[in-house]
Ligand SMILES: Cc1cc2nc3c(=O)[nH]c(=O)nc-3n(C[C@H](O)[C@H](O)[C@H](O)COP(=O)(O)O)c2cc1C
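Shown here is one chain on its own, the form predicted alone, set out as structure tokens.
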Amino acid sequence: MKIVAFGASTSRQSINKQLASYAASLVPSAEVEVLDLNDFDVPLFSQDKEAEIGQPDAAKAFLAKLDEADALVISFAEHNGSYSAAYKNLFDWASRIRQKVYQDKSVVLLSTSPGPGGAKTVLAAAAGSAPYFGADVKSTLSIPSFYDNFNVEQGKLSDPELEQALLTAVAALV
């Protein structure tokens, strides 16, 4: 099984990328590829820009990476209660190329934040809309207070209850 994982953020120290990478690594015998959204730089989407330039190669490359996967693990950063602008923009371009961005693949949706909310608002939005874009959402999980619950040096969750919840969430991919 090949899993493509990414944090829906362009932060170089993205806690959501760390969480997605760790979660995917918990799937036994899976080959994991972790994407960095910085590798898929696209101009700000508009119909005018689309008419001018067509479909950006970076959006096509993003979709090609999703094509290679058997399953996806995505962890959402929350910016002002919504998606990060970089992710939303890339997703908008990708959905113009192919409406079923997730291609009916099994998907685990995660979120985390430094605060106690754990980016639950964006996670709820993602879980609500993802099926319209071809996601077979197997589970969702929010991890609150990332730095209190994730050991950055060891690269894993330090809270046993959250660890078990994450193991259960990713087990749904198998």
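Start at 1 with the first residue shown and count on from there. Treat the numbers as computed from the prediction; the structure is a model and nothing was measured.
Just so you know, the form predicted in complex with the ligand exists too; it's not on screen, but the next bit is about it.
> To test your reading of this chain, name the stretch in 134-142, 106-114, 53-61, 35-43 whose heavy atoms come within 4.5 Å of the ligand in the predicted complex.
That would be stretch 106-114.
> Which residue among A71, A77, I74, A94 has a heavy atom within 4.5 angstroms of the ligand in the predicted complex?
Checked against the cut-off, the match is A77.
> Is Q164 close enough to touch the ligand in the predicted complex, meaning at least one heavy atom pair within 4.5 Å?
The answer is no: Q164 has no heavy atom within 4.5 Å of the ligand.
> Does the ligand come within 4.5 Å of any heavy atom of A119 in the predicted complex?
Judged by the heavy-atom cut-off of 4.5 Å, A119 is in contact with the ligand in the predicted complex.
> Any of the heavy atoms of I15 lying within 4.5 Å of the ligand in the predicted complex?
Taking the distances in the predicted complex, the answer for I15 is yes, it comes within 4.5 Å of the ligand.
> Counting only non-hydrogen atoms and a 4.5 angstroms cut-off, does S158 reach the ligand in the predicted complex?
Although the ligand is absent here, S158 would stay clear of it in the predicted complex, with no heavy atoms inside 4.5 Å.
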